[in-house]
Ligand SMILES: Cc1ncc(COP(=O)(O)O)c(C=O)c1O
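Before any questions on how it binds or moves, here is one chain, the form predicted alone, in structure tokens.
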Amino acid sequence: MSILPFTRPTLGDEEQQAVNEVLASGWLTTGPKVEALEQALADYIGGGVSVRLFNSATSALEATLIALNVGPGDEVILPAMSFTATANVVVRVGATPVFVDVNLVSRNLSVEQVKAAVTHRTRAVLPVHFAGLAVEMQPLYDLAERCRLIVIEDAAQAIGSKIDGRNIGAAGNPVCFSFHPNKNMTTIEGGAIASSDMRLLRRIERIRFHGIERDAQGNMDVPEWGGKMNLADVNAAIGLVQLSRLDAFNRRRRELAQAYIRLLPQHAALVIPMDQPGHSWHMLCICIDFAALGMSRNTFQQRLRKLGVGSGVHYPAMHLFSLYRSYGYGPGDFPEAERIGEQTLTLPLFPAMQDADVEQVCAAVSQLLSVEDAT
């Protein structure tokens, strides 16, 4: 039996041809294709921002924190529900991650939670647009202005998502994106930062590539530390094709997600994620009270697989990982994030899916939610 995976990148002849052209050109690393994709992304996002590409969103987040001088002695507020990279980069620069809880249905933090966590050591807030659903940002911007905080948005899962009709990233503050193969568009591996602060971006360019800067004559200097975080042209060539298809990808994702919301059963053990205008639907993560069904998540996944449906787990609550327990966090600190971590299940969602695939998944979930069928 073939298994419907929870995600699959959409790649075709255009991407293959773009790669072949780069290989034939003899210029494989950072070059004209990277510059072209940076400009194309800036045009797409809008708001007059500029974009710099990286080899991953993790690198983009780390470079942004470094460029903004966030480090030892500083606290960074972030949600307890995200991929661990969001918190890991805070630790990497020597700052202290300060977790807050999230909403069960949106998976996003709120300004009230952030406000309660602000101390005299708070330097930055790092909201995550979970699965493509935009955080309500204006209250956070207002809080940051009052408290003199930096806002860095983790939009790794939200390329093409919108807030109040404009693309995430268009506000001008630093926003980081991911182009990993499971994202809404891919460069295979890759990421980006969008910002309107050219001084910040110039420093980020140095940090991205060995700390190097050059004068008008091409003479090289290294005024500070830099890593090796650049993206190659072969990746950017794929990204140019993917970006041209992104809106169509996202439209199809929304259609599929809305079909899920219609077809998934109303059940006491099931929590369905929220929709709102501008949601790009990177993932569709439901919550299931597996204990109420008398089975483990692993058993539920195995039974789904026997019905031809793959699934994922996005994500465990970050504050319960060993690294973050060493900061004093533990069970009971963030109940909603912990409930999500225990009950989350990612259902198949990618543009090449057919309507019948959604029907198959919903029928399988409905069958397993029945106590009679599940026991």
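Quick caveat: nothing in here was measured; it's all calculated off a predicted structure. For every residue, the number given is its place in the sequence shown, counted from 1.
If you look for the form predicted together with the ligand, you will not find it shown, but the lines that follow are about it.
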Exercise. Though only this chain appears here, would residue 315 touch the ligand in the predicted complex if you measure heavy atom gaps against 4.5 Å?
Worked result: yes
Exercise. Any chance residue 300 has a heavy atom within 4.5 Å of the ligand in the predicted complex?
Worked result: no
Exercise. Do residue 250 and the ligand share at least one heavy atom pair within 4.5 Å in the predicted complex?
Worked result: no
Exercise. Would residue 58 sit within 4.5 Å of the ligand in the predicted complex, counting heavy atoms only?
Worked result: yes
Seminar exercise, completed: Counting only non-hydrogen atoms, the one stretch of 109-117, 159-167, 85-93, 200-208 within 4.5 angstroms of the ligand in the predicted complex is 85-93
For this session: Assess the spot marked by 128, 154 and 180: is the ligand within 4.5 Å of a heavy atom from every one of these residues in the predicted complex?
Result: yes
